[in-house]
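There is one chain below, alone, in structure tokens, taken in the form predicted on its own.
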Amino acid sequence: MAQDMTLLWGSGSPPCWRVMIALEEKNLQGYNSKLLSFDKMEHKSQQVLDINPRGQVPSFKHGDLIINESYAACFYLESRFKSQGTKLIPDGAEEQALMFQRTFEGLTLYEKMAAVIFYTYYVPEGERLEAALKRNEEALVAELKLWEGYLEKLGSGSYLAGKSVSMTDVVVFPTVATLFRFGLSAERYPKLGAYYALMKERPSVKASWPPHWLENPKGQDTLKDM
């Protein structure tokens, strides 16, 4: 079933990881998987451009169908294989509304995280502004406090949109994991820390854990003081 699927991806990329978790949760192992090197600019290779003219990963293909946006690919997999594997979209109207709300709020969390983590990567040293970095850090802290509050309201042992794993966890967990990879304190954000520990034990997450994180578990300390 998955043999006619192809995923081109990069290690540690939250958008790529979303699709990989979705494939695992829907029991779609055995797809054609190719790990690309960002350092070697392989995501700009002709192989990627043939599928994704933006030269980005993930690049996902199912038969003749191409879906390159990670959220779109995850929702497609749930829709196409609805009766298979984990049910990622709940039936109840209220549960579904919360799931959609938190799922798309995950994009804001990702953007605010990226504004801090990737600032020094993409902004040349001579163009960096301390005020801009501080503003980005403050925005991320405010966002993290929102998610702490969401989890506190749901209660101990909850996932991001309720007591069961949902699409929200598939698409937002890679961002949460990246936050902790870059030094976010579980003591300062205990609800997110507990959620991170809970999801780390999920088979779909273990099966798709970024290879270079396995090789070097230490990570970085960019967010340790936030």
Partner chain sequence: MAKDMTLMWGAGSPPCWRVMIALEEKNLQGYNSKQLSFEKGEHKSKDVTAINPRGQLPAFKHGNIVLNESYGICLYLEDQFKSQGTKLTPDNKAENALMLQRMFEGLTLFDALKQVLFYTRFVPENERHDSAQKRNAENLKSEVGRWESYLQGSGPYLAGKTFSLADVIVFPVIAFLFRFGLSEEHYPKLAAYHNTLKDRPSIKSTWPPNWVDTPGQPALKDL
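All values reported here derive from a predicted model rather than from experimental measurement. Positions refer to the first chain, counted from 1.
Form predicted in complex with the partner chain: not shown, discussed below.
Quick one: of 30, 157, 63, 53, which gets a non-hydrogen atom within 4.5 angstroms of the partner chain in the predicted complex?
Of the listed residues, the single hit is 53.
Would you check, heavy atoms only and a 4.5 Å threshold, whether residue 107 touches the partner chain in the predicted complex?
Judged by the heavy-atom cut-off of 4.5 Å, residue 107 is in contact with the partner chain in the predicted complex.
Is the gap between residue 153 and the partner chain in the predicted complex 4.5 Å or less for some heavy atom pair?
So residue 153 does not count as contacting the partner chain.
Does residue 149 reach the partner chain in the predicted complex if we count a contact as any heavy atom within 4.5 Å?
Heavy-atom contact with the partner chain at 4.5 Å: absent for residue 149.
Wondering, does residue 69 line up within 4.5 Å of the partner chain in the predicted complex on heavy atoms?
Residue 69: yes, in contact with the partner chain in the predicted complex.
Using a 4.5 Å cut-off on heavy atoms, which residues of 113 to 128 contact the partner chain in the predicted complex?
Stretch hits, in order: 124, 126, 127.
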